[in-house]
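The chain below stands alone, shown as structure tokens; this is the form predicted on its own.
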């Protein structure tokens, strides 16, 4: 069994971060409200889960993504410098993209600019910089890549950072795909009709035990398995048979030395779109059979945070392992038949100290990580 430590996790969302985020999720709250950042006229919905960032909080020349990132990076400055930083945001400087300017771009606007900026903010000049670009599975792919680097001895510590904001640019794209819900995002609901977008930022620090001792802190969880696949099906639609996700789940469990019956909960991508949720349920049936165990999505509460989704969900899963329960799926009213007995609108107790977190993205990418309790408890 491979054993990588999740040593720190910071998140910022429309429902806050830290303990406040976990409490809000456990209460089944939603961070969705009317978009005020731009005029939502013409979109399928005027709703999104945005973070309120006062203008006074934004430093001169910095964009909203940087302002969001500063909230999660500040607590990390007390740690010893990490060896590797992986940037996993999707849209970067969306405000610049929306401006329509063809020249005179304001730094940062490319992925490599963000990883460099993060290194400068944290004051870790010797950190090696990487980027993971895999659509809405980006931060989960970044976690898988970082875990492999630590496991192979290529890096003693890896910080995976991602942030994306709700922008007119991304909202118009999802609206054109008819992927946005005109009402409430209801993952795995029999009447689900689309997603909502959300602001989000996450920073997850992976390390071996030597760095953990130097940092003087215990881990939040152990990352014991990971896998990335592609179903090579369509530029935006998932393979309806779930073959890519099923293969990723099996590969991640094999690496973790676990069988499907030992998984205590499944943190799903769960966007609330008809096809994504159906594909995930098909994959669950393929790997887990008729077994009924906790499956949940936090996108009804936080919206789809694009590249940051997997990082935020990994932090939520680590805290769920600590508390022994997983949050409800906000927005759920009537689970579709295949979700019944798995997805609920209330908290569920963990059946074991093992959680599987999965994300899928455009282009057919699927990424899975397996998280386990740090107390040595077995499933």
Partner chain sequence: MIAAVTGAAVISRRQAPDGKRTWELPDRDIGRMIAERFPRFGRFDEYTQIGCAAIFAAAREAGFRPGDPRRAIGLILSGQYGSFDTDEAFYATTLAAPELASPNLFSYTLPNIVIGECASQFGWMGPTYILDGEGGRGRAALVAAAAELENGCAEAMLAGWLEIRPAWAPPGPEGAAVIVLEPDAANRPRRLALEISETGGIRLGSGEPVETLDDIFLALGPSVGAAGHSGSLDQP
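Residue numbers count along the first chain shown, from 1. Being a predicted model, the structure only gives us computed values, none of them experimental.
Below, we turn to the form predicted in complex with its partner chain, even though it does not appear here.
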The stretch from 314-322, 65-73, 334-342, 41-49 that lies within 4.5 Å of its partner chain in the model of the complex, judged by heavy atoms, is 41-49
Here the chain is shown alone; which of 211, 266, 114, 174 has a heavy atom within 4.5 Å of its partner chain in the model of the complex?
-> 174
Please pick, from 78, 128, 190, 285, the one residue with any non-hydrogen atom lying within 4.5 angstroms of its partner chain in the model of the complex.
-> 128
Indicate whether the candidate residues 22, 258 and 354 are all in contact with its partner chain in the model of the complex, with contact defined as any heavy atom within 4.5 Å.
-> no
Is there a heavy atom of residue 250 no more than 4.5 Å from a heavy atom of its partner chain in the model of the complex?
-> no
Look up in the model of the complex whether residue 244 has a non-hydrogen atom within 4.5 angstroms of its partner chain, and give yes or no.
-> yes
Should residue 154 be counted as a contact of its partner chain in the model of the complex, where contact means heavy atoms within 4.5 Å?
-> yes
Heavy atoms within 4.5 Å of its partner chain in the model of the complex: does residue 93 have any?
-> yes
So which residues in 330-369, when you check its partner chain in the model of the complex, have a heavy atom no farther than 4.5 Å from it?
-> 362, 363, 365
